[in-house]
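Just one chain follows, in the form predicted on its own, and it is written as structure tokens.
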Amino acid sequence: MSEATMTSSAAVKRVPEVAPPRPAEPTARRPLPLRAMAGVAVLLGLIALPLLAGGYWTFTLGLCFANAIAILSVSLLVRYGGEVSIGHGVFVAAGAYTVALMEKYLGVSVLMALPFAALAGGLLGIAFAFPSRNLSGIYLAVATMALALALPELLLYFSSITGGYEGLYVKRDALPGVSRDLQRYYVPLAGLVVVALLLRQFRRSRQALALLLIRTSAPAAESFGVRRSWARLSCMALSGGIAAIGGALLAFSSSTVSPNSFTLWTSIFLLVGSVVSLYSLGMFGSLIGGVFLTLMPLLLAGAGDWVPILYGGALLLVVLGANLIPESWRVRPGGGAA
């Protein structure tokens, strides 16, 4: 046997034996969590609801969806900015009037005007947050309240543009070929689902962690290069943009906008809805707040002078009843379950 042949045989012997590849095992499927299954079931029920309910309920629930989006904007500011706003009706009005004005002067539908409404709300949030970046707590709440008080007067002052007391109409179809009742229901529902999904992605982002760090400890955050002024601007811009989307869809669902729709009480009720939703950033938590905000005044409409008492009692019942909910079901501050 030659030397080359012996060297080759030794090399072959040094090669470790390789186990034959095993057939690929099927990927184990994890069962969907009970919470996700319940969420999908509720969403499917909402999608199918117009087939069972009449026009009144589809109209009312469309308003609930739009109000739920506005409530999400307040909850976002509370949870990530650590601040309370009593003037978020201003951002809602910015979205509503953007849609109405674009339809009146440009002839575009709500779907075309929706990005511009969100942009208007975001820019308005930045315009308010920059001069008030050093305010916090009750001082910021009072500043936002001043915005809410001034808004109706501003809308009336520019009545040649805003339509004055009568306001403006939003009549153009968003989905050609679909009945107006179904549009008023499905367009706000789709908007609520999209906003909730975007907020879910936001909660997992580095920007969200930076905002939480600022809220928890501003000196520690600034030592990591996260500036408090940046946090205030970004949080108000995002919250204002979401509120404007809610306002745009609210204008589409109700077909009209007017100064009476955006008073100080509008902003206070949005804050109440956020409290009822336990500051949830999820779809169904915010929807509970939207339902309370929309349906409670309708249910109490015939109570006369008892309306404030019954409304306050219902609010106390909801808030105090939330304390009986197990801790694992509550919203965890900081972007956990919502």
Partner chain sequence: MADILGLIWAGMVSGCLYALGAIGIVLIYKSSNVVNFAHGNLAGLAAFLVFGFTAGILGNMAWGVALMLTLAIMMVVMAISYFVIAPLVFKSDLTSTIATLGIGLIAQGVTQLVFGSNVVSLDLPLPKWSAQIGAMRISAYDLAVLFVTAASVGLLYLLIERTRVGIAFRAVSANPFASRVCGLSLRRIHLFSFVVAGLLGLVAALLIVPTTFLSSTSVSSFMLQAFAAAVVGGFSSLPGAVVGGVFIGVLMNLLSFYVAAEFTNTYLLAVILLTLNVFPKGVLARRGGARV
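In this text, rigid core is short for the largest set of C-alphas that superpose within 1.5 Å between two forms. Being a predicted model, the structure only gives us computed values, none of them experimental. Residue numbers count along the first chain shown, from 1.
There is also a form predicted together with its partner chain; it is not shown, and the following applies to it.
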remark   = TL;DR on 62-70, 42-50, 287-295, 305-313: the one with heavy atoms within 4.5 Å of its partner chain in the predicted bound form is 305-313
query = Since exactly one of 130, 165, 105, 224 fits, which has a heavy atom within 4.5 Å of its partner chain in the predicted bound form?
reply = 130
message = So its partner chain isn't shown here. In the predicted bound form, which residue out of 154, 161, 220, 198 has a non-hydrogen atom within 4.5 Å of it?
response = 154
query = Is residue 278 one of the residues lying within 4.5 Å of its partner chain in the predicted bound form, judged by heavy atom distances?
reply = no
task = Classify residue 150 as contacting or not contacting its partner chain in the predicted bound form by the rule of any non-hydrogen atom within 4.5 angstroms, answering yes or no.
result = yes
message = Would you classify residue 78 as touching its partner chain in the predicted bound form, given a 4.5 Å non-hydrogen atom cut-off?
response = yes
request  = Mark residue 208 yes when one of its heavy atoms lies within 4.5 Å of a heavy atom of its partner chain in the predicted bound form, and no otherwise.
outcome  = no
message = Going through 113-142, which residues have a heavy atom within 4.5 Å of its partner chain in the predicted bound form? Please give them in sequence order.
response = 128, 130, 131, 132, 133, 135, 136, 138, 139, 141, 142
query = Is residue 44 among the residues whose Cα moves by 2 Å or more between the shown form and the other one after superposition of the rigid core?
reply = no
Is_shifted residue 313 between the shown form and the other one (CA, 2 Å cut-off, rigid core) = yes
